[in-house]
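First comes one chain, alone, set out as structure tokens in the form predicted on its own.
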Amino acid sequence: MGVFTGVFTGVNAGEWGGFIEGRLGTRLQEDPLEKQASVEDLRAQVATRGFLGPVDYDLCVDFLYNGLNPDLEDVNLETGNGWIDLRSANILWAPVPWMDLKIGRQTLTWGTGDLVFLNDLFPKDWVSFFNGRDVEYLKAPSDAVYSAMYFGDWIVDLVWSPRADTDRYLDGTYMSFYPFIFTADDPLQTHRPHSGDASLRVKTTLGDVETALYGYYGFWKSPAGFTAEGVGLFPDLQVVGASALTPFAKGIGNVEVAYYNSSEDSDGSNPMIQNSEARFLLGYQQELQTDLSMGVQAYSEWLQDYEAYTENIQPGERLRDEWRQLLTLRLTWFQMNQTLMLSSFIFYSPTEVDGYARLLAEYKWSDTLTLSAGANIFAGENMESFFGQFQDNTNMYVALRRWW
């Protein structure tokens, strides 16, 4: 069960744990389409892990009062709405010595990017990421079967989700965005996909280099197409990719590539479906000095069939660049015997001339009490660019978490 070791932290086998957290945030400017508050959460998490004979189990449940959406009867485990969010409920079993099976609700991730995703097609919660919840909530749970198979120095990971697990995408309920037609009173409507999806990873180590090949068969995880009536769609998607990670200079370097085949728009001529893309990532991280670390990344998206795209774009729609470049910088600094963490993560796009900064200060008052404050800052030359469209959502927040 080596591939799953360390997935669950904070609770010893056979014991219960969790936390209670209060989190408040506000926009730093007025948005006529949204409430002034960006987050109003009171959350209690209950988690346990243990074993029954040859089977390990993992259960984690969040009970949530969301002051921005207090309709407690509107429970939806896919979108995370309502008073309960089932984070995990799975069993782990090794039917044969060379295979592990993890079955049920679980949080999945792979790839080498830091908050930049190429071959990781597992669900994300973009609402939580942008409005000031803890970064752990960026990853949304999947209902899946995860098989890890061991063949000498090779590991083959296969994930199958029998039902559609989409992103918890922005729909206007909590954040306005370009072109401002979706709001809390009139959110984006979508036709959810009816089929499941599958992800594959084959990884090994060649010398000092950790390498992996990836495959995905399913659908775009956030709306990537629209009907004539403006209803969001999740078109079919196939992805192939590769990554490598290795010690380099005084730190660790990584490279990752992926090709997104948007098969419902194979020639790029359908303006209602997102074109295919090629994605590239270079990254490097290093400890600059004791308790101070840095990570940098350079990311590119290459929009395929660009000529067909420009010829068929709808009037009034924002014209995308053929190439989109994105640079990131992470700095993490620990102080006061590592009880205080100061962190910044900055996204900047030189092609779109926009950016996004995530700032965080977190203080461990004791082993069980943590106080944090942070901000999500959006900026851009125009309101049509990727980060520029969120400028009215710049926010700051404070949180107090008590572990038990």
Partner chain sequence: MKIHIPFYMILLTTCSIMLADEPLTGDAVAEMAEQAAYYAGKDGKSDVHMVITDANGQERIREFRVLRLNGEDNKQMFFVYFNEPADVREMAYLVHKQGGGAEDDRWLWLPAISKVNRIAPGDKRTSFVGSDFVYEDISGRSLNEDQHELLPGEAEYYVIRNTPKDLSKVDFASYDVWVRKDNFLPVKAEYVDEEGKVVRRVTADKIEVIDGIPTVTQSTVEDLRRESKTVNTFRNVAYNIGLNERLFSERYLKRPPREATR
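Numbering follows the first chain given and starts at 1. Note that the coordinates shown come from a computational prediction; the quantities given were computed from them, not determined experimentally.
Separately, the form predicted in complex with its partner chain exists; it is not shown, and the next lines address it.
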Requested in this report: Counting non-hydrogen atoms within 4.5 angstroms of its partner chain in the predicted bound form, say which of Leu86, Leu329, Val231, Ile252 makes the cut.
Outcome: Ile252
**Report entry** Answer option from Glu311, Glu210, Asp186, Asp321, heavy atom within 4.5 Å of its partner chain in the predicted bound form
**Finding:** Glu210
Requested in this report: Name the stretch, out of 25-33, 53-61, 348-356, 375-383, where some heavy atom lies within 4.5 Å of its partner chain in the predicted bound form.
Outcome: 53-61
Query raised in the report: Any chance all of Arg43, Arg192 and Gln325 sit within 4.5 Å of its partner chain in the predicted bound form, going by non-hydrogen atoms?
Result: no
Query raised in the report: Though only this chain appears here, would Asp171 touch its partner chain in the predicted bound form if you measure heavy atom gaps against 4.5 Å?
Result: no
Report task. Would you check, heavy atoms only and a 4.5 Å threshold, whether Gly218 touches its partner chain in the predicted bound form? Result -> no
Query raised in the report: Is Asp100 close enough to touch its partner chain in the predicted bound form, meaning at least one heavy atom pair within 4.5 Å?
Result: yes
Query raised in the report: Do Asp291 and its partner chain come within 4.5 Å of each other in the predicted bound form, heavy atoms counted?
Result: yes
**Report entry** Partner contacts in the predicted bound form for 331-358 (non-hydrogen atom within 4.5 angstroms of its partner chain)
**Finding:** Asn337, Gln338, Thr339
